[in-house]
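Next up: just one chain, as structure tokens, the form predicted alone.
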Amino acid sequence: MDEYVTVVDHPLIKHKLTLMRRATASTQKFRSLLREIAHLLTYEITRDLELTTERIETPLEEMDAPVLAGKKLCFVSILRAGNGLLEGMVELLPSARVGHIGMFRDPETLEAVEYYCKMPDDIAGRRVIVVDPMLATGNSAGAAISHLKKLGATNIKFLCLLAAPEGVAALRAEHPDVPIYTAAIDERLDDHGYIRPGLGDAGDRMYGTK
């Protein structure tokens, strides 16, 4: 993989991801683990946030303390499964703006079809992190990022839980300027567009709809 693809290789993430993969994991357990992994992934993807200092007073004395500076963040969730990662990310950064873009995958063509989009008015001036648990074909992620670029966004990253090599390659080809962060890259994509060995349909497992 190139420098634009980061696999967050942490023992806690590996362990929690294994628990999520188990077919016996309950809906509640799956959601809880996804939120916990989102915390850990957020630490890594926000590592380059700019800092400045602010004069504060501790119980003992004054000091110049670090605080976040620069462009503000916007998390963009690809509905519906993206909301599972989003919840954990917003817990860590509650001041971040949130956008939503609705995509569904045509079962015949596997192409992404957009049905909803709601973004902050100043999206062009924000750091944007697009979130979706699965980077399978790359079609939904690519379409969502293309839409954001049309709205003027220039500082974009993509965060997912699992990726297929085919999805990574497709997104890198379509948007070579967008870094990809993931917990793992699995073996392959099957004929139905599912990541193998994977963990099934993240949205269905998260919401108990199948």
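When you see a residue number, it is the position in the sequence shown, counting from 1. Computed from a predicted model, the values in this text were never measured in an experiment.
If you look for the form predicted in complex with a small molecule, you will not find it shown, but the lines that follow are about it.
For the candidate spot formed by Arg105, Gly193 and Asp201, every residue has a non-hydrogen atom within 4.5 angstroms of the small molecule in the model of the complex. With a 4.5 Å cutoff on heavy atoms, Val128 does not count as touching the small molecule in the model of the complex; it lies far away. Among residues of the shown chain, Met134 is one whose heavy atoms approach the small molecule to within 4.5 Å in the model of the complex.
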